[in-house]
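Here you get one chain, nothing else, as structure tokens; it is the form predicted alone.
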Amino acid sequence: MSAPPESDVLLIENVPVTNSSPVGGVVSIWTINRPDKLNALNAEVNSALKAACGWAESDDTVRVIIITGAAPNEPPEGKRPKPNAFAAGADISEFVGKSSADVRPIFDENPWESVWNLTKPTIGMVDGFALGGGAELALSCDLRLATPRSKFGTPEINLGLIPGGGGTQRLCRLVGYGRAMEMVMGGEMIDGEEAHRIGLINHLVEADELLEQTMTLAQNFASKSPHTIRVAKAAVRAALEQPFSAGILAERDLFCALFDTADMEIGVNAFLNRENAEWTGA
């Protein structure tokens, strides 16, 4: 396993996969570490996320990525604690005095697309605020788990802006046109229960169970053939990116191609022999 990139604003912990095959697989947990700023996304965080994506994509031991935000620090005596946050949007101070020419390069090479384009499963583990660019980061993950105290929203409209990290597109595909329009044009927050009701998150989990349930999902995904997991993700993505008839053909091509892989033979024989599959990843 190669060493992950080091950053003070993005902490990376690699947890071994139980009974990994091929051996050495890990679930990589990425924690945005700006708790005093509610884990807001600034240039340093964005750069760290992109670097982490490049590392994870190239390292075969990384099977699943979990993205989360650091818990609040203990407050000074007599002060109220800061609220929990996944990522409470972009660091708005970096927008001051910017023109479209200044902003476009930042958004052309952005962390949301880096996460979205990973071929490995990604899970957003949300406890607290996920607003603006933070909501878009959660939307860039394949799945989302959140606590009831979480708050999701796209408040950019209140700044004279709209979501710029894919939020309008991914939100519409997750929750439908009407709800996406309401969230984008209204700029209001919704809580974890409402996010679960409308399909924005996969699971609503109490805070003290969030890590355990997220890791259960991640370990399950990580126990499968790494190659077949990548193919499965590509097939489901085809439903978003292609017309229905083209998606059906893409799925068929991917399905048939798996019959030429070692892991298909391993999986079928393990099933017939009532054994655990020992994947090769090919």
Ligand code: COA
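Computed from a predicted model, the values in this text were never measured in an experiment. Counting begins at 1, following the sequence as shown.
Omitted here: the form predicted together with the ligand. The next part is about that form.
Taking a 4.5 Å heavy atom cutoff to the ligand in the predicted complex, the contact residue among Ile66, Ala40, Ala238, Val231 is Ala40. Residue Leu131 is the only one of Met183, Leu139, Leu131, Ala146 with a heavy atom lying within 4.5 Å of the ligand in the predicted complex. Among heavy atoms of Gly89, some come within 4.5 Å of the ligand in the predicted complex. Taking non-hydrogen atoms only, Leu159 approaches the ligand to within 4.5 angstroms in the predicted complex. Contact annotation for Lys82: at least one heavy atom lies within 4.5 Å of the ligand in the predicted complex.
Within this chain, Val103 is remote from the site of the ligand in the predicted complex, having no heavy atom within 4.5 Å. Although the partner is absent from the chain shown here, none of Glu6, Trp55 and Gly124 has a heavy atom within 4.5 Å of the ligand in the predicted complex. Proximity to the ligand in the predicted complex, taken as heavy atoms within 4.5 Å, picks out 29-37 from the listed stretches 46-54, 29-37, 220-228, 253-261. Contacts between 165-192 and the ligand, taken as any heavy atom within 4.5 Å in the predicted complex, involve only Met189.
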